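One chain comes next, on its own, written out as structure tokens in the form predicted alone.
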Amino acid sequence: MIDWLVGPFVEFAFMRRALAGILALSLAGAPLGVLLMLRRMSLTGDGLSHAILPGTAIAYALFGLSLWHMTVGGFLAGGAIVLAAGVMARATVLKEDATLASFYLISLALGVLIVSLRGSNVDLMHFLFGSVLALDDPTLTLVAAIASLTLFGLALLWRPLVLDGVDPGFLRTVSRSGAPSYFAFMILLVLNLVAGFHALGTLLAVGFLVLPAVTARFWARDLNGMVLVAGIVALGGGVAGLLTSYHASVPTGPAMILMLGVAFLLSVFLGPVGSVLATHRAGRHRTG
């Protein structure tokens, strides 16, 4: 059993690099995901994960599989979509979620078209689903640097971001930091989606943000506890997915997201905070 769990990481360098990448994504994604859930922006994260595809696809068409060009292209595309959605929401009758959903659908279709015209089906699968087992040292360094920047930025902005998510009206009365902190949060979100793209592709990158956070909601009552549980769930699901992929010869990214999905579904029914079981027990105590 120990060899089944540890052997792949001891024997193969690509498994160790994948594990390091998952650790970096988990550390940065846990607080971001909890803040997304707190601000009711989980679907916004999903939209932005697809919005980066045209930028990375254009960079790929111009420069090939260049790590830095694709990273910059994805970041610029995500930032442009955030800005365009915000401007359109303020200039028209549409709400920001509707404009963002529209832009993300257009971005996804455009990105798939560009990759299909420039590359092969293998390239398209790489863009959509990633290849965490193919992380090389430069990509791993980039992912770790983005994770470090994210943790540092969130440490500086944590209080206004939490207040803006819980009571934005109160924050506006005591500080003008709401808008700048929101903008900085969105930049960090796009950066982490770009980092996740290199490992999991555009379709699955947001899973490492959202699924651990919503799972943690059923295991912790306070914000700090949710961040801690989300980080543990993300890392545990990532490791379980890596091992499942290695031993069962199935795609790694989907395996990791499915492991996180299993943790979420179990928590929905069995978690101690607000789950089906916890709600049922609370109802029985009230009627008893």
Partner chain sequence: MKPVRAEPIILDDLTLGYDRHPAVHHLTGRIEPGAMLAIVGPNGAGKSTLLKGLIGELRPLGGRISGGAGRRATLAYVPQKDGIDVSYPVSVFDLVAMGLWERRGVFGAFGRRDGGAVSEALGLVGLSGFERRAVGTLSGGQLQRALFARVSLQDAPVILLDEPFSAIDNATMDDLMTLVRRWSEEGRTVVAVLHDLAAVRAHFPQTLLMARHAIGWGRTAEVLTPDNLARARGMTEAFDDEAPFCEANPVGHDDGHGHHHDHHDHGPGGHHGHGHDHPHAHGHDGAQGQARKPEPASNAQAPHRHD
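Quantities reported herein were computed from a predicted structural model and do not represent experimental measurements. Numbering follows the first chain given and starts at 1.
Keep in mind the form predicted in complex with the partner chain is missing from the figure; the text below concerns it.
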| item | value |
| --- | --- |
| In the predicted bound form, segment of 157-165, 105-113, 134-142, 79-87 with a heavy atom within 4.5 Å of the partner chain | 157-165 |
| 4.5 Å heavy atom contact, Arg221 and the partner chain in the predicted bound form | yes |
| Contact of Arg172 with the partner chain in the predicted bound form (heavy atom, 4.5 Å) | yes |
| Contact flag, Leu67 vs the partner chain in the predicted bound form, heavy atom cut 4.5 Å | no |
| Ala28, heavy atom within 4.5 angstroms of the partner chain in the predicted bound form | no |
| Of Leu53, Ala234, Met256, Met226, the one that lies within 4.5 Å of the partner chain in the predicted bound form (heavy atoms) | Met226 |
| Contacting member of Leu38, Ala240, Ala61, Leu43, with respect to the partner chain in the predicted bound form [4.5 Å, heavy atom] | Leu38 |
